[in-house]
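Just one chain is shown here, as C-alpha cells, and it is the form predicted on its own.
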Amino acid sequence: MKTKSIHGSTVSNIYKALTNALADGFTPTVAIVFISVKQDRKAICKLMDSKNIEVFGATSCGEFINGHQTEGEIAILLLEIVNENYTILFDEIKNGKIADTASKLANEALKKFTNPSLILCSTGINLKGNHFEGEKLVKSLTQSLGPDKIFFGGMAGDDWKLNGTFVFTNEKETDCGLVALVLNGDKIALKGMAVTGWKPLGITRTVTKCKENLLYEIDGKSAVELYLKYLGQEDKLVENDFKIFEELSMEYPFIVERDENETVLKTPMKIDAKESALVMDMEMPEGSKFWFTSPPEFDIVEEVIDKATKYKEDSREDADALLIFSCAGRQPILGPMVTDENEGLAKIWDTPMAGFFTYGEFGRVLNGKQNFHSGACCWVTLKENV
C-alpha cells in the first residue's frame, strides 16, 4: 500500500502539498486528516472531494507528520487503498446512547468484512462542554465486535479550548459521534501498542465514597483535602480561582487498577466546592484501588522507543504507514521529549507517519486487551498483505 504524509498551515498550503504528492501518479483513496478547530475543515474536505479522496477526519490539540510538529495547523496521511478493502463509517450519537451507536457501527463493520479492524476517532468534548465517555465506547464496541477484533485511535481535541471537538467525513461532521476507517483485517494488518509512563507514588489508596464522577472520600478522608495535602498544595484549599486540572492534576493524575492487571489514568478535572468533591474525568466506583502518581521522566521516551524496537525486531515486520494518537497532556509534561517520542517511532518504522494530540486514546498495551487510555502514547502501523 502506497502512502504519503503532508502538512500545511493553510488550505492553500495543503493544496500545494497535495498537488506535489500526486505528481508522480500517486492516487490516494483515503485521507486521514488531523486538523485544528480554527482551520477550514469544509475547504479541506472540498479539496479532497475534487480528487475523489474519501476523508476520515478529527480535530486536534496539535498535529504532526514526519519531521513536522505543529499547533493550529493540518496534518494528513494519504493512503492508496483499493476500494474493496475499506469503508468509512460515520455515526452521530443522539441522546447520549453510546452503546447503541457502537453496536450499530460494529454490525455495519461485520457486515462489510468477516475480520474488520478499525482506525477509530470519537469526539472528545461536545459544544455543551460534556466529556465523551471513552470507556463506555470501548466496552460497547468490544462487546459488539468481539474481543479479538482490533481498533486503535483517539478522541478529537480542540487546541485546549475545551469547548467543542469534531469528527468528520467529506459530507458530515458532528461534535458528538464517531468516525471509523474500517479495514479488511485479512488484507490490511494493524499492529501497535499503548504506553503511558506515569509511575505509582506511595501506598495503594481506596475510594470509599463517590457518586458518578464526584469523588468524595479516599481511605475515609476528604478526597479534596487528601489529594492537595499529599502533593503539598493544601494552601490551594482557600483559593476560589484554583484551576486544579491546569495547575496540578494534569501532571499528577491517579493510576487506577482495572481488570487483568491493567491500569488506567484518571484525572481530577475540577473541585466541586459545594459538594466538597473532586470532579473526575471518569467514574471511580467505591472500592476502586489506585495510587497517586509521579509524572513521566526522560526515561519514558526510551521505554516507548525500546518497546517499539523490540516489537519490530520480534515480529520481523515492516509497515506501510504509522499513526500516533498521543495524549494532549504528554506535550506540556514531556516538553520537547514528546517530539523525540513521535520522531523516534517514525524512525523505527521508517514509513510515512501522521498523528495528533488527543483527549483520550483507544488501543492495547503490549499483550493486553482492547481498552480506553488516558495519558498514553498509542501508536499503530498499517501493513497491506501482498
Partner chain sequence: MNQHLQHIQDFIESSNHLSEKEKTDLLKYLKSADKDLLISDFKLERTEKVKRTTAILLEETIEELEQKQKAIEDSNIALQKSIKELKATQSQLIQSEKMASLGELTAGIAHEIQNPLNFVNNFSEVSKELLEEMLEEIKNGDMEEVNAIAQDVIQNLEKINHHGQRADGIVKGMLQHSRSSSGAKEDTNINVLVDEYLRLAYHGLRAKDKSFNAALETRFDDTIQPLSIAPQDIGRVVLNLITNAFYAVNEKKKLLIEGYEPQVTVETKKVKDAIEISVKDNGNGIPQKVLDKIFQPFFTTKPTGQGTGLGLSLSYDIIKAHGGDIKVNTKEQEGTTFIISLPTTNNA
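Numbering follows the first chain given and starts at 1. This structure is a prediction, so every number in the text was calculated from the model and none was measured.
This next part talks about the form predicted together with the partner chain, which is not shown.
Against the partner chain in the model of the complex, the set 158, 162 and 287 makes no contact: no member has a heavy atom within 4.5 Å.
Taking the partner from elsewhere, residue 231 is found to have a heavy atom lying within 4.5 Å of the partner chain in the model of the complex. Taking the partner from elsewhere, residue 203 is found to have a heavy atom lying within 4.5 Å of the partner chain in the model of the complex.
Proximity of residue 346 to the partner chain in the model of the complex: non-hydrogen atoms within 4.5 Å are absent; the residue sits far from the partner. In the model of the complex, no heavy atom of residue 108 sits within 4.5 Å of the partner chain. Residues with any non-hydrogen atom within 4.5 angstroms of the partner chain in the model of the complex fall in just one of 250-258, 237-245, 99-107, 126-134: 250-258. Of the residues given (221, 209, 312, 139), 221 alone sits with a heavy atom within 4.5 Å of the partner chain in the model of the complex. Checking 40, 49, 317, 340 against the partner chain in the model of the complex, a heavy atom within 4.5 Å turns up for just one residue: 340. In sequence order, 292, 295, 298 are the residues of 273-300 having a heavy atom within 4.5 Å of the partner chain in the model of the complex; the partner itself is omitted from this view.
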